[in-house]
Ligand SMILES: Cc1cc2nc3c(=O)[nH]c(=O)nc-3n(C[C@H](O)[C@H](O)[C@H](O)COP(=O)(O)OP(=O)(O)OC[C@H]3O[C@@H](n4cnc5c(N)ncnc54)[C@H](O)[C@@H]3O)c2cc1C
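Shown here is one chain on its own, the form predicted on its own, set out as structure tokens.
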């Protein structure tokens, strides 16, 4: 067999039709109302909200805007909360747990409303999402959760027994699952390009390839030192998420960047696609190190992703791991080649829920735990509203204390191999409960 590295593209499949484009550099302002660090979904949504409220804003990104996870994700509008209701209530109290679940619905609706009102053409389709259970116990949990979503939040959600699952996904791997129809898919790089277009049209100034080195308080607010000079800002928003660097060591000790890797298949026939993904739904599963997959927006490829766990340039093993699990679901694809593999960093932390918080006068919006398509725009908007002090907007349920620091961690996740092995073992135990080897 030929070496796959000879043919696989390592740039995101999404960039084929929505490439990252460099921005012309503009002179650095002397003073702005708000400086924003990070020009992804979060930073641009915050900037758009602030500019439309009459504030002057400068957004800084060490890379090209959108070059991070905003154009590298799977484009699934899941808005997942990784912790179940009982665990949320145990950690944060029942009142906050109820508010968190309600806000997840509001965040998704905000995204869809923004796409429509701003005329953002990003191939969005509200297809619904199928969650596959890997054992009978997980199926029972998914069924209870679907019933709860329908009863408490009015979301169209229901259980799918194994006898009916091939109507949703063409595999016998799962033991049934659940559907929620408020989830869909979009082309994430096109979504970013549209968000960038709208932000720039509104007057947002974005400084590409301009890293922020230090931020120091002074009597008027903050001195923001960048690689191109220093400016004054009355207020600051930090929205670096999985790309937080040494310029903010305090935040870096709290966020763990984890690679989420995706592979894209060659084009497959419409007949095969209709067999494997008959409803074109977004799909996930209940493993701890779960996988997510979807049709490409044109319905010609399957994009399959999961956590990478590596920190080196050789993608051979993680691609082989994804390929093995794709084949386990769809043996029909064993002879289908791959065209692309790429990764983006997601930001995990000890609380495992998206967060807004303040520290030393700065507002942070971060820690989306792999569900940033929904949470990043929402948290950007909420961070802006926090600065604006808009009394007519309810405070976010995610706005409270910062995540706790991780002991003996300074930015290099030395412990990831251990946790990846641990989680894979727990997933094997899940499968064995169902009688699988």
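If you're wondering where the values come from, they're calculated on a predicted model, not measured in any experiment. Numbering follows the first chain given and starts at 1.
Omitted here: the form predicted together with the named molecule. The next part is about that form.
message = Only one of these stretches, 203-211, 147-155, 173-181, 94-102, has heavy atoms within 4.5 Å of the named molecule in the model of the complex; which one is it?
response = Selected range: 203-211.
key: Selected contact from 286, 187, 78, 235, since only one has a non-hydrogen atom within 4.5 angstroms of the named molecule in the model of the complex   = Selected residue: 78.
query = So which of 266, 109, 245, 121 gets a non-hydrogen atom within 4.5 Å of the named molecule in the model of the complex?
reply = Comparing distances to the named molecule in the model of the complex, the residue within 4.5 Å is 245.
Contact test, all of 135, 295 and 302, partner the named molecule in the model of the complex, heavy atom 4.5 Å = No, because 135, 295 and 302 lack any heavy atom that approaches the named molecule to within 4.5 Å in the model of the complex.
inquiry  = Residue-level contact is defined here as any heavy atom of the residue lying within 4.5 Å of the named molecule in the model of the complex; does residue 358 satisfy this criterion?
reply    = Because no heavy atom of residue 358 falls inside 4.5 Å of the named molecule in the model of the complex, the answer is no.
inquiry  = Whether residue 345 contacts the named molecule in the model of the complex should be assessed with a 4.5 Å heavy atom distance threshold; does it?
reply    = Answer yes; at least one heavy atom of residue 345 falls within 4.5 Å of the named molecule in the model of the complex.
query = Wondering, does residue 370 line up within 4.5 Å of the named molecule in the model of the complex on heavy atoms?
reply = Yes, residue 370 is a contact residue.
request  = Using a 4.5 Å heavy atom cut-off, state whether residue 127 contacts the named molecule in the model of the complex.
outcome  = Residue 127 lies outside the contact set for the named molecule.
inquiry  = Residue by residue through 25-41, which ones have a non-hydrogen atom no more than 4.5 angstroms from the named molecule in the model of the complex?
reply    = Sequence-ordered list: 37, 38, 39, 40, 41.
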